[in-house]
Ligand code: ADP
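The chain below stands alone and is given as structure tokens, in the form predicted on its own.
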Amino acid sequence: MFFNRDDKKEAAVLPMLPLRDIVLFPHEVRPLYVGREKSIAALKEAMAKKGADGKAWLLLAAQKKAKTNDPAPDELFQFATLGQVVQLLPLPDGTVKVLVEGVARARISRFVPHDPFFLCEFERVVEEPTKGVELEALIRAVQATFKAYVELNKRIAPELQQQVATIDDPSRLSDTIAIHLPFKSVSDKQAMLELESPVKRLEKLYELMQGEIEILKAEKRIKSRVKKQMERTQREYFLNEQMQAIQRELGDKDDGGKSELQELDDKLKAKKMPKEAQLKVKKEIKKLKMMGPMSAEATVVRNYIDWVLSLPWGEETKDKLDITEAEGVLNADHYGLKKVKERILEYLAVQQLVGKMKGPILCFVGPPGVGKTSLGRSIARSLGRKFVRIALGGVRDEAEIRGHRRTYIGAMPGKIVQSLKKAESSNPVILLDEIDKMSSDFRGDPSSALLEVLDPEQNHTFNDHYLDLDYDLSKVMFICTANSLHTIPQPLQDRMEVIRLAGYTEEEKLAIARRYLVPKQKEANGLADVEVKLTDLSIRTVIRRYTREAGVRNLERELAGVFRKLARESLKNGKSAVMVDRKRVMKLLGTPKVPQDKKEKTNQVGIVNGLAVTDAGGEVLVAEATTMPGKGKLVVTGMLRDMMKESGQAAVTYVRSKAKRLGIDDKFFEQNDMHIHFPGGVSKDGNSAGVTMTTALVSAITRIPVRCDVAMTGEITLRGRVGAIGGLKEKCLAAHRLGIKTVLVPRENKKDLREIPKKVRKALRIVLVDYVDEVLREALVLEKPADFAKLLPEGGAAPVPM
């Protein structure tokens, strides 16, 4: 039963809305923006169960601590306000704007156990009617004092004073005035709410208004004094300007000299700079005063002083240390990337506990299009810091990092100092984009210059050649991005915490397209008000037949093509709903760019599926081997680098050493040449193709076919051991993308299996191997596999499927 104003019945139970930093008084109408799930649920309950008068009733109680997101009953004031919902408006971001009106005071007697929202038993506070001459005098005194207060306080509309003058009810009068008075804290407001006697409330308000009137009078006196002083200062300034103009006419003073130098002195006094920097700038200003303003050297000195004074010496932005909010920002901007998000939240947690911490140096390594650069921007947003991006692609001059010395014409600070000036903060997030694309020439090595910048133990005294002053970079959060670690010098790698971002699975790409890419392209192509429904199969078709990538950049490009064509059709056919299925997508995008299935469909001799990692993510590399009459010569082709060619030599040596056990004639290598080829015009390197080349050679020599649904990776030793490799996650994703069923992996990489997504692990049969003999038993099509078991070395274990 809800409260009814006509028959003065009371409700036993009502939903309760907790308020942050707000105390609602009776007779007060206030808009509220509600975002918490519990609060929204309480509003919905109130609207669903309106009273007999057709109004939605609820209790509104203030929290003791505003920062508490999910307050417990003991964290709420027990004295509340009974209110009614005047208007309710859901907003697009999920929050609700509600207009509530306070009706009466209420005392919460008990919190009823209820999960979705607070449900409270309450008693309405009934005020006893009071009359008398003293009360009449008090009302008049309060009204007169409020009038004086409104005349002094320009922030309150004069019409309110007229309204207050007509109120003769002491309870209503006290609440109306309390709404417009400044209380020091929420506790003081709550204390006013809890005063049940209208007389005591009026006495308290009278005392409070008298104090405020005294403060306002003092403020008025101070303003009047300051105004007179400003007028005197302006008069003096005007006279000084006239005097300077007369001196310039007489030729006694250079044009504008004094004012500019005075401005520099004022800026220097205002800056909280280290003592060393302050002395250096003072010296430069003194030198500038001795020079003619038109001299070339004066321009150089002036530029130097401007650069030093424009830097944010000790000026910081305050970090947002709300881990829940930061996690929400990261999840809203990027799908997946669990490891990266955990690392950022760990940093925030430590920062919150310790209070001061050196900025981490993170390096995101992964193929193009997986969101490395945009992730840096999201991290800055989640921390509440300024964000600056430095593009290092193609940088080959050390001065780009450290700056030019002032002896050179056109000298400037390096990109690090320029970024700090741009950020206007000494603790921004600086993204060093494409750090692996730097190179070096006769002008120096920029990667060596970064060694000091990216070392938390050294960068607190970073010295730019142009400034020639120590600047503290320890509070800066540096984030580097790279497609590959091969071109980054080892000392530079050692200074960074490397976080690998592998390619996305098909399911992840589908989720990213649904959440981010489709809404973005729909709006970008003018179809925001058109209902466009893309089926999951249509998006999968774009992923499989029109893109073959680790990231989602090409996927976004193809989806943009779909929406551009739909936009053109909408101009002809009107803005009616559009359904895009698989056939429609293929019609809009034309001939598929990627073959439906690249892997071999039949078991063949000498053809093996190998796994590799390139800058574009994981790939399945097919190795082909054949033999021909000759003298035992080995040829390895396919744009291979030295390490891969050496793996081919090791494969031949191993096969020759085990020729008898493999059933190969000893004279075969004296009478035949061997050729191993990796098709494709991409440069290849690394030692992980050792077992692939060995299997291809054994198959070509013994004429035993290789299973077409098996792929493998691993280094080979001369003893036949299978060594560990890198990039296992990317390689398994590539195998899964191509429809491979079985993947042979070195046992030493067992620790890396947890990084592979669960769906991929379930779809693949991952076999851990120690020796090449185990690889051959799994990969070759053998008539009697049991007989082939003799190839296992002594003490060797059988392969373990995962």
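Note that residue numbering begins at 1 and tracks the sequence as displayed. Just so you know, these numbers come straight off a predicted model, no measurement behind them.
What follows is about the form predicted in complex with the named molecule, which we do not show.
The closest heavy atom approach of Pro368 to the named molecule in the predicted bound form falls within 4.5 Å. Under a 4.5 angstroms non-hydrogen atom cutoff, the named molecule in the predicted bound form lacks Arg402 among its neighbouring residues.
Interface residue remark: His334 is counted as part of the site for the named molecule in the predicted bound form, having a heavy atom within 4.5 Å. Interface residue remark: Glu556 is counted as part of the site for the named molecule in the predicted bound form, having a heavy atom within 4.5 Å.
Heavy atoms within 4.5 Å of the named molecule in the predicted bound form map, among the stretches 69 to 77, 368 to 376, 652 to 660, 630 to 638, onto 368 to 376 alone. Using a 4.5 Å cut-off to the named molecule in the predicted bound form, each of Ile512, Tyr516 and Val552 places a heavy atom inside that distance.
With the partner omitted from this view, the residue of Lys520, Arg107, Arg235, Arg221 that lies near the named molecule in the predicted bound form is Lys520 [heavy atom within 4.5 Å]. Comment: the named molecule is not present in this chain, but in the predicted bound form one of Tyr504, Phe478, Phe118, Tyr471 has a heavy atom within 4.5 Å of it, namely Tyr504. Taking a 4.5 Å heavy atom cutoff to the named molecule in the predicted bound form, none of the residues in 53 to 72 make contact.
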